[in-house]
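Shown next as structure tokens: one chain only, the form predicted on its own.
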């Protein structure tokens, strides 16, 4: 093995650069050249590469605590259905995956490391079927990649959300209000549930458990009867009421093969309903991109470094078509086929579909049991 490349794709997370650094440093110690593919799968198609180095003034020097990705990323590039803008301004979608395969071969990359979540690894699996040596690293603040206990970037997002809850406590208690915090997570409730426990919230509404707003209101009324005249409610952006649908903020027009649904707005709906049902003033805060950016926690720095080193080790062992994972506290690997699950169609849409294998919160998970035992309402 002489030459490898790193591709970062999907929404940015804290820890991207820590993984990049770990792969580069491990490669350098083995005498292997390491390149960054710029702006995710876009760079793979456009042949935009940059040599990465941790030498003096090298682009990978001093990036461990830095947020974002030094090689960029993309949230809407599917090389199996790629958006092409013609000279006349017209737009069409084409399968450019064979071009990407040829680009990798011409560049001489012995392995491409794909840092990303469900959609990124779906495309990685599809490219591996076309003969590209691929090894994935599980990235997403949503913590919903299958076959691993935790993704890098998640811990930092939870830490930011927990700090926000701490701050909302002050305002809620001072003004006797219901403070609703809407957090990210797409179709999984990991961030909402864990930050609610860490921040001492009174209710946590997650996508896996359709909520009854009246049950949440009852919880808040009971607190008031006991002299607790404020409450904290954490709502995952993908939470939905019983018999209802998730709240959609908008839909992007980026073709098939990517999840074009923009979630958001459920926090304000919950706040309005709780104010009407309880008679207490309610305010909603949407944490948004604050969860994604900034320096990674120490936990994410270590996890990201471990993942990067493990990914390079898998490459040296020739274990391609795999994902570096953490299972029961130990580094391991999983087949990208297992990660994808039943989503077997080439170029198919990733995300919350019947075929997707995204990891959601199970009702018997320790976090659910813990939340219930300490009195956090889950709205059911």
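Residue numbers count along the first chain shown, from 1. Model, not experiment: these values are computed from the prediction.
Keep in mind that the form predicted in complex with a small molecule is not shown, yet the notes after this line are about it.
Contact with the small molecule, judged by heavy atoms within 4.5 Å in the predicted bound form, is confined among 284 to 292, 217 to 225, 96 to 104, 145 to 153 to 284 to 292. For the options 205, 180, 137, 141, the residue carrying a heavy atom within 4.5 angstroms of the small molecule in the predicted bound form is 141. The contact residue chosen from 242, 262, 130, 175 relative to the small molecule in the predicted bound form is 262, the criterion being a non-hydrogen atom within 4.5 angstroms. Residue contact with the small molecule in the predicted bound form: residue 237 places a heavy atom within 4.5 Å of it.
The shortest heavy atom separation between residue 125 and the small molecule in the predicted bound form exceeds 4.5 Å. In the predicted bound form, the small molecule sits within 4.5 Å of a heavy atom of residue 252. When the small molecule is considered in the predicted bound form, residue 301 lies well away from it, no heavy atom lying within 4.5 Å.
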